[in-house]
Ligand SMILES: C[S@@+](CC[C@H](N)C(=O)[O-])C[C@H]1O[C@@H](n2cnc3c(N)ncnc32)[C@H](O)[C@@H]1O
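Single chain ahead, written as structure tokens, the form predicted on its own.
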Amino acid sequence: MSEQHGSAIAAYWDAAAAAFDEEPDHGLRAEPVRAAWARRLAEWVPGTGAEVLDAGCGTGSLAVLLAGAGHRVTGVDLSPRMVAAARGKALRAGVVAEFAVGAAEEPPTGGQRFDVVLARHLLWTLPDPVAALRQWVIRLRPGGRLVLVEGRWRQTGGAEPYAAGPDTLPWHGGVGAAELAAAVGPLAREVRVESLAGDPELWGGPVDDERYVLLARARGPAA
């Protein structure tokens, strides 16, 4: 991503930060929605003490839930205002989590390796999502888990055009489960997809588009 392009994307999400949590599944302000995500995260990231990278963490809602469950979380987002909101959210929740400003497709985590890399509704924003998948997989420890919450969702007619321009993004509007599984398959093992469309509490109400989680393991000895 060029510096100019990255600045435009960061500005887009900076502008969106103030209202971002108004979406039920972004802010998790309603207890049933928050509890639904907490239950799912406990399934995908069981136990405690896992090192988790939240790529494209936004305002930090999932990172805060994971930290509250006893995991060590690092959130990365290109938008400084999103990161500031995430830090404030963690502080108010009384949990410890690290947040950094940086490109989610190449997180600024140096040589650190993680037990889990999580990304939610992020891949559609990336100019080279397959390259991002490669970067996330190499940041996993052998046997570590990739957790991708994705889908193909209906677009609202009044939505503001994305800064990158939809024609430049291979997965604009989301990515179907079969296509994502095909992209992850050569990079990982034990690729599995679970539909999330039938769980309205996750979204604050019923949905009629494709939503799912893809789970996969990094190659190497099982964790």
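Fair warning: this is a prediction, and the values are worked out from it, not measured in the lab. Residue indices: 1-based, along the sequence shown.
Quick note: we don't show the form predicted together with the named molecule, though the next part is all about it.
Chemist: Is Leu66 a contact residue for the named molecule in the model of the complex, using a 4.5 Å heavy atom cut-off?
Modeler: Heavy-atom contact with the named molecule at 4.5 Å: absent for Leu66.
Chemist: Please tell me whether any heavy atom belonging to Gly102 falls inside 4.5 Å of a heavy atom of the named molecule, as the geometry stands in the model of the complex.
Modeler: Yes, Gly102 sits close enough to the named molecule in the model of the complex that at least one of its heavy atoms falls within 4.5 Å.
Chemist: Is Thr74 close to the named molecule in the model of the complex, meaning a heavy atom pair under 4.5 Å apart or at it?
Modeler: Although the named molecule is absent here, Thr74 would stay clear of it in the model of the complex, with no heavy atoms inside 4.5 Å.
Chemist: In the model of the complex, is there a heavy atom of the named molecule that lies within 4.5 Å of any heavy atom of Thr125, even though the partner is absent here?
Modeler: Because a heavy atom of Thr125 falls inside 4.5 Å of the named molecule in the model of the complex, the answer is yes.
Chemist: In terms of non-hydrogen atoms within 4.5 angstroms, which of the given stretches 191 to 199, 177 to 185, 50 to 58, 66 to 74 touches the named molecule in the model of the complex?
Modeler: The contacting stretch here is 50 to 58.
Chemist: Honest question, do Phe114, Gln135 and Val137 all end up within 4.5 Å of the named molecule in the model of the complex by heavy atom distance?
Modeler: Answer is no for this spot.
Chemist: Taking the named molecule in the model of the complex, which residues of 12 to 40 have any heavy atom within 4.5 Å of it?
Modeler: Those in contact are Trp13, Phe20.
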